[in-house]
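Presented below, as structure tokens, is a lone chain in the form predicted on its own.
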Amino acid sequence: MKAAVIVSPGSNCDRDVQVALRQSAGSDPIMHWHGDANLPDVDLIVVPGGFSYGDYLRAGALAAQSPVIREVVARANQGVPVLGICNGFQILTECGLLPGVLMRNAGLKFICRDVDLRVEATDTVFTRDYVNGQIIRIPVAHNEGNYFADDDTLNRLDGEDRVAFRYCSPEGAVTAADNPNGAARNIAGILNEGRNVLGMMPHPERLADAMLGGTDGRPMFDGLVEALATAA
């Protein structure tokens, strides 16, 4: 499997994703600079977390105009899997690959802690190694993680089973008390219509090794490697 991790000025989770992919795939992904539009042929593209361009103007807004992102959009429209994590999720909404926006957290404070997620969709290359309804623990670290979309969009996401993860209690209850940032309907991650683009605010790469304190993020990377190796 060939993967590329997009590196922007201000990215700070690109190496974390590199390590997680190496651990699952046995080889390093391409670390591709955002200013280079010549993205090689790859089986997977990851837009990692961080603070691209210092989150000036709006989180992800400037990075969404980078030369390589135009190519990422084109590849996604051709069916190449694209995973956007945290700032990567913000970039994917800004460039139009995913609906909605990520606003300031409801409490207007940066949040950095583990949260519980309920897996809502498993028929994707990203979530195939999870079980529907499974509760996993994944860290968040963001200031703009408050997912917002109009009711029609939210109803469409629910109706088309395109909500991949929701914030929940350790028992799986989806409540306001377990929503860390005020996201609409406790949404932590969503899919595009083709189900080959996933944007999520939590960081699976930060809990993909027991030495980091947990492995609930590991199945995402293992599943991607298995699915894409089979497809190849």
Partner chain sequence: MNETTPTITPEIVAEHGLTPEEYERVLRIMGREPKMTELGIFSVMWSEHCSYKSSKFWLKKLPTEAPWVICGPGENAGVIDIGDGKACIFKMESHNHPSFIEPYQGAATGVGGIMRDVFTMGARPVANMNALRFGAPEHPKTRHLVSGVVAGIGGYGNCMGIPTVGGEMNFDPSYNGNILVNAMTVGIADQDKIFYSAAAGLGNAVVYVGSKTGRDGIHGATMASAEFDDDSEDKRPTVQVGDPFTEKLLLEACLELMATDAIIAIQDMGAAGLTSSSVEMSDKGGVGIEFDLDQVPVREEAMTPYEIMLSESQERMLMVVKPGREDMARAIFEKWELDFAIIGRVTDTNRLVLKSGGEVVCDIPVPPLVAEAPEYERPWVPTPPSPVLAAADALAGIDISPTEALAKLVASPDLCSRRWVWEQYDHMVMGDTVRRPGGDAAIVRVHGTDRALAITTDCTPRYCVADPVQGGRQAVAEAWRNLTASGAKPLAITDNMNFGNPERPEIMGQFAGCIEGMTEACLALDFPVVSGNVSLYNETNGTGILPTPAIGGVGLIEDVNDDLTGTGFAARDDAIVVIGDTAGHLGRSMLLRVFSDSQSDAGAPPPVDLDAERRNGDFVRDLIVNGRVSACHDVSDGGILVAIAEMALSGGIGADISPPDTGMPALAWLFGEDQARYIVTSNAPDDLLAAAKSAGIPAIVVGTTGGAVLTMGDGNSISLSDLRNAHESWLPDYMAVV
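Everything numeric in this text was worked out from a predicted model, so none of it was measured. Positions refer to the first chain, counted from 1.
The next section is about a form of this same protein that is not shown, the form predicted together with the partner chain.
> Of the listed stretches (202 to 210, 182 to 190, 36 to 44, 159 to 167), which one has a non-hydrogen atom within 4.5 Å of the partner chain in the predicted complex?
Of the options given, it is 202 to 210.
> Given that the partner chain is not shown alongside this chain, does D129 nevertheless sit within 4.5 Å of it in the predicted complex, heavy atom to heavy atom?
Flag for D129 set to no.
> Given that the partner is absent here, does N12 sit within 4.5 Å of the partner chain in the predicted complex, heavy atoms only?
Looking in the predicted complex, residue contacts with the partner chain include N12, since a heavy atom lies within 4.5 Å.
> G194 versus the partner chain, in the predicted complex: is there a non-hydrogen atom within 4.5 Å?
Output for G194 is no: heavy atoms all beyond 4.5 Å of the partner chain.
> So, in the predicted complex, is G100 in contact with the partner chain at a 4.5 angstroms heavy atom limit?
No, G100 is distant from the partner.
> Are there residues in 103 to 123 with a heavy atom within 4.5 Å of the partner chain in the predicted complex, and which are they, in order?
Sequence-ordered list: K109, F110, I111, C112, R113, D114.
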